[in-house]
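What follows is a single chain, given as structure tokens, in the form predicted alone.
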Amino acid sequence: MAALTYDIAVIGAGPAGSMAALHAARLNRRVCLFDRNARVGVPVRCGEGIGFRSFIAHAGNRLEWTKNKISRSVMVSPSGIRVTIGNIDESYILDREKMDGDLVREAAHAGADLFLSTPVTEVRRTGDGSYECRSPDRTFCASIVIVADGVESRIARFLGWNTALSLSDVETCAFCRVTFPLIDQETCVFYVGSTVAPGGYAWIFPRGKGEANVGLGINGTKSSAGRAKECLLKFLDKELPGASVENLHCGGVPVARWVRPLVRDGALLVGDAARQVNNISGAGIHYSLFAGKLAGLTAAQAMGSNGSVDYRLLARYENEWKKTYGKQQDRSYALKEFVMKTDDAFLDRIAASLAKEPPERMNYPRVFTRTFSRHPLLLLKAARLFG
């Protein structure tokens, strides 16, 4: 079969890839969007939490994508000391399956050609500077490629990036959906400690009506085959005994520095493939929405009317990322490196001190100020991260 030709090929239909395809198509570029799965948005490899300001800034007023509103957080130390954080910004739990599905449909409505159940097995640059994307059934050609195929990105390696992650820069995670009548539906709960989630944390994110996303992440230096699942089952037995558990699955989450460069010739990396994740929390939805839109707009603007590409203009994607969330992510990485060196006794001391504070005065900056109080440089980074 003859190759199909496009201006921009987007590989991966998660939030980053779909946003890129949507915004490039809206500028009347010929766009194709691939995903190896038959359905997007499943399985959900995250807690689905997002701050309201980030959500509105990058997704717009799409409250139909939300499942539940969060009023407070609770942090539980290794010995069980509970710290209630009552002064938090408005936050939501998303319905990722709906959000991801809607973004894909909107990209298609804007003019992008959608190819589900279509794994891209190889990408290579041709002699004329365009890209040849091969699937098992046919070949696609594009002037620009946006790579959004997740943490295990193979396509980035084909295009010359070193995407290897050190063990300290990846979390092995286990996720599930639970139903349990005693879940506090207004509170996100985080558990830390070496017996719960070594080098990471466990979470309960309520979705409403007795349902919650529950999961945990273990730092790669402390993990082994099957350990994340084993720890999650142990956690469920202790904290949510008798809960109905569905869709238990495992996967990796990067907690690394963002990839440099983000642009190589006519290829751009976005989302988990670019390691665009907050390294303290592992959250990346808002990063993906922002980076996907930015990459799609930049790629569309770099396309000339005769099919040529302004490669200097493509560099704006990395420059804009670096000035905004890139700096924020760099700060989170420095804080993660410090937290990795702490032990259960340190976390209990911090929790014991914070537990004396009235919940209504407690917020995330106060927690991190107390944690890094004896480390001025890290304290400055924390202040800027939450500023």
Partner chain sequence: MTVKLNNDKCDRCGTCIGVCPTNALLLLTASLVIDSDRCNTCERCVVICPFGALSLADDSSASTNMT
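Since we're looking at a predicted model, the values are computed, not measured. Positions refer to the first chain, counted from 1.
Keep in mind that the form predicted in complex with its partner chain is not shown, yet the notes after this line are about it.
For the options V123, C173, V83, V196, the residue carrying a heavy atom within 4.5 angstroms of its partner chain in the predicted bound form is C173. When you look in the predicted bound form, the only residue of G111, G252, G101, G210 with a non-hydrogen atom within 4.5 Å of its partner chain is G252. Of the stretches 150 to 158, 257 to 265, 68 to 76, 277 to 285, only 150 to 158 has residues with a heavy atom within 4.5 Å of its partner chain in the predicted bound form. No residue in the set L27, G41 and C133 has a non-hydrogen atom no more than 4.5 Å from its partner chain in the predicted bound form.
In the predicted bound form, its partner chain sits within 4.5 Å of a heavy atom of A228. For the chain shown alone, L313 is not a contact residue for its partner chain in the predicted bound form, no non-hydrogen atom being within 4.5 angstroms. Using a 4.5 angstroms threshold between heavy atoms, L182 stays clear of its partner chain in the predicted bound form. By the criterion of a heavy atom within 4.5 Å, L165 is counted among the residues contacting its partner chain in the predicted bound form.
Contacts between stretch 100 to 123 and its partner chain, counted in the predicted bound form as any heavy atom lying within 4.5 Å, involve S117, T118, P119, T121, listed in sequence order.
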